[in-house]
Ligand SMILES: N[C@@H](CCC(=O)N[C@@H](CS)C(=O)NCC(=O)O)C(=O)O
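The form predicted on its own is given below as one chain in structure tokens.
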């Protein structure tokens, strides 16, 4: 039997979420090690000293410790829904999310740690990305166009966080198309399946298979 990779993950991390979604959809089986970020296992730090999740350790010892690279690896094995189509357009959306929106999202979520500006001001900066999404989604069902693509999967966990900072505001915000897009993801069985809770992994513990049917 071929040895399975190991994936270090943290359930609520948006980077880990998007990697797990790609792995689950591509049926890329792995042994899951759930991490608590304040108590990172030495085994993970040995293979990826930067100490962030997700980290994928392939059977040949190769380490992939960037979430987008894990997504691309998984979907290169099996991409049943064509998520890798229109790759350049998708990567542009992902780059804007990761390099621009994520910074404003963090300051919006933790505005008390960034007293230079108000929570409202940080939200407005993040809304520039949401407005671009709304423009696209007003005409298409997906950021990737007529079909779900890599960018939809990769951006979704971060929009989920943005909406969760002030749910009451989000429900009345002028972004109905983006809200509908997010709601479709939240109800998607793929998302609910990768959000299963696992106990913190400790050396010597049994490693559950991910996804469950791997």
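These numbers were taken from a predicted model, which means no experiment stands behind them. Numbering follows the first chain given and starts at 1.
The same protein also has a form predicted together with the named molecule, omitted here; what follows describes it.
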Select from the listed residues 163, 151, 53, 57 the one whose heavy atoms reach within 4.5 Å of the named molecule in the model of the complex. 53
So if I measure heavy atom distances to the named molecule in the model of the complex, which of the stretches 142-150, 178-186, 36-44, 23-31 falls within 4.5 Å? 36-44
Please determine whether residue 201 contacts the named molecule in the model of the complex, using a 4.5 Å cut-off between heavy atoms. no
Residue-level question: is residue 190 within 4.5 Å of the named molecule in the model of the complex, judged on heavy atoms? no
Going through 79-118, which residues have a heavy atom within 4.5 Å of the named molecule in the model of the complex? Please give them in sequence order. none
